[in-house]
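Quick setup: one chain, the form predicted on its own, written in C-alpha cells, and binding and motion questions come after.
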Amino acid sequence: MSTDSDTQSESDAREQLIDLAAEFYDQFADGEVPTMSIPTRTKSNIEYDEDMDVWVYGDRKSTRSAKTVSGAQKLLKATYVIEFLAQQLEEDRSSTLRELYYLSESFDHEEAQFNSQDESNQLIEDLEIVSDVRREEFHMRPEESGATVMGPLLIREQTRRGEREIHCQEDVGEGGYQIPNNPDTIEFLDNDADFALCVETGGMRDRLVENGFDEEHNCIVVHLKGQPARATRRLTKRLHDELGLPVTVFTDGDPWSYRIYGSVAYGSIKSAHLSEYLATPDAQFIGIQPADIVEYDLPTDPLSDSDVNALESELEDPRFQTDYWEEQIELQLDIEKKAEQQSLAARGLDFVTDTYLPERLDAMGVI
C-alpha cells in the first residue's frame, strides 16, 4: 500500500529520469555530441567531507561520449534503461538487478543489451549519481540479502498487503526479522535498546542470540552477512540517527573485515554518492582486533600475500588513516596473523557473551 509521500517520491524519480533522457535529445538538437559525466569511482577520487563525516567522491569526472563507439553504446544502453525504469514507475512495479540484466535481451537493438550483470549494475549506479535518485526510488532491488535484526524493537512495516506491526524479538523466530530492500518503509514505534551490534558472520550472530545477549544487554543484533547490503547499512544508520543508539561493529580480524566496518562507518567507493544516506560515522569497531589476537592468544591463520597487500593498502586508505587503525594494522603486519570471530570459542562458548563483548563495550563507553 503506497502512501502519498511514496507516490510523490516515485513521481519525482520518474521525472528526474525523463529529464536526464531529455538532456541527450537537447544535445542532439543543439548539434552537440551527447555526453554524460559521472564521478570517477576510484580510491584516488575519494575525499573526506568534514561536514558529513563521511567519504564522498571528489571532483574528478569520467565522461561517456557518443564520439566513440564504446561511449555511444553506453549512452544507448542508458536510454533503454531509462525508458524501462520510467515505465516501471508508471505501472508501480519493481524488478531486481538480476532481472534487468536478463530483460536487456528483449531490447530491440542488440547493441543495447548488456554483456554482464556487472555492466547493468554499474549503469544503475551511474543513473543514481547523475539523476540524484536512489535505485530504491527506481523500484530496483537486489536479490535478497538475507540480513536480519534481532532485538527489543517494535516496528510498523509497509507492504503491498498493507501495514503490519512486528516486535523484533517477540514476533520472530530464532532467525530474527529480515530487513526489507527499502528500510525506509519501516516506522520505528518503540524500543528498549541501549545500542546496536552489527555482526559479520551468521555463526557469531547465532551464538549471540542463543546465549541471550540481545535480551541481557538490551541490544539490537544486526547480522551484516558479510559485506553489508545497502538496506542493512541504511537501517543501521536509521537506528543511530532516529533512535539515538550507539552502533558497534563486530567482525573477523582480517583486512577484508576491516573494510566491512569501513563501509558501515564511512561508506564505500562503489556507493560514495550515497554516503550521507548510508554511512554511520559514529560507528565504533569492537574487534576482532589484532591486539585481541595477542592478548587472548587466539587461534590464528597466517596472513596470505593478498592479506598483506590489503593491509598495506588500508594504511593508505583515507578511511583508515587514524592513530587507532594505523597502530592495529601495523601490529597485524608485525605478528603476521589473522583470526575469525569464532576463534573466541577456544575459551568456551560463553566467553564472547560473558567476557569479551561486555569488557570491550565497557571500555568503549557503550555499556
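Take the two forms, find the largest set of C-alpha atoms that superpose within 1.5 Å, and that set is the rigid core. The first residue of the shown sequence is 1; numbering continues from there. Computed from a prediction, not measured in an experiment: that's the story for all the values here.
FYI, the form predicted together with another copy of the chain isn't displayed, but the following is about it.
Handout entry: Answer option from D282, D132, E83, E215, heavy atom within 4.5 Å of another copy of the chain in the predicted complex
Key = The option sitting close enough to the partner is E215.
Practice task
Would you mind picking the one in L274, L76, I293, I166 that has a heavy atom within 4.5 Å of another copy of the chain in the predicted complex?
Solution key: It is I166.
Handout entry: Residue contact check: D307 to another copy of the chain in the predicted complex, 4.5 Å heavy atom
Key = No, no contact at 4.5 Å.
Practice task
State yes or no: in the predicted complex, is some non-hydrogen atom of G176 no more than 4.5 angstroms from a non-hydrogen atom of another copy of the chain?
Solution key: G176: yes, in contact with another copy of the chain in the predicted complex.
Practice task
Please check if G202 has a heavy atom lying within 4.5 Å of any heavy atom of another copy of the chain in the predicted complex.
Solution key: Judged by the heavy-atom cut-off of 4.5 Å, G202 is in contact with another copy of the chain in the predicted complex.
Practice task
Mark D350 yes when one of its heavy atoms lies within 4.5 Å of a heavy atom of another copy of the chain in the predicted complex, and no otherwise.
Solution key: Residue-level check for D350: yes, a contact with another copy of the chain.
Practice task
From the candidate stretches 99 to 107, 239 to 247, 190 to 198, 283 to 291, select the single one in contact with another copy of the chain in the predicted complex, where contact means a heavy atom within 4.5 Å.
Solution key: Stretch 99 to 107 is the one.
Exercise for the section: Give a yes or no on whether every one of Q88, E170 and D206 sits within 4.5 angstroms of another copy of the chain in the predicted complex by heavy atom. Expected result: Yes: Q88, E170 and D206 each sit within 4.5 Å of another copy of the chain in the predicted complex.
Exercise for the section: Counting only non-hydrogen atoms and a 4.5 Å cut-off, give the residues of 210 to 228 close to another copy of the chain in the predicted complex. Expected result: Those in contact are E210, N211, G212, D214, E215, H223, K225.
Problem - Core-aligned C-alpha movement of E170 between this form and the one not shown reaching 2 Å - result: E170: C-alpha displaced by less than 2 Å between this form and the one not shown.
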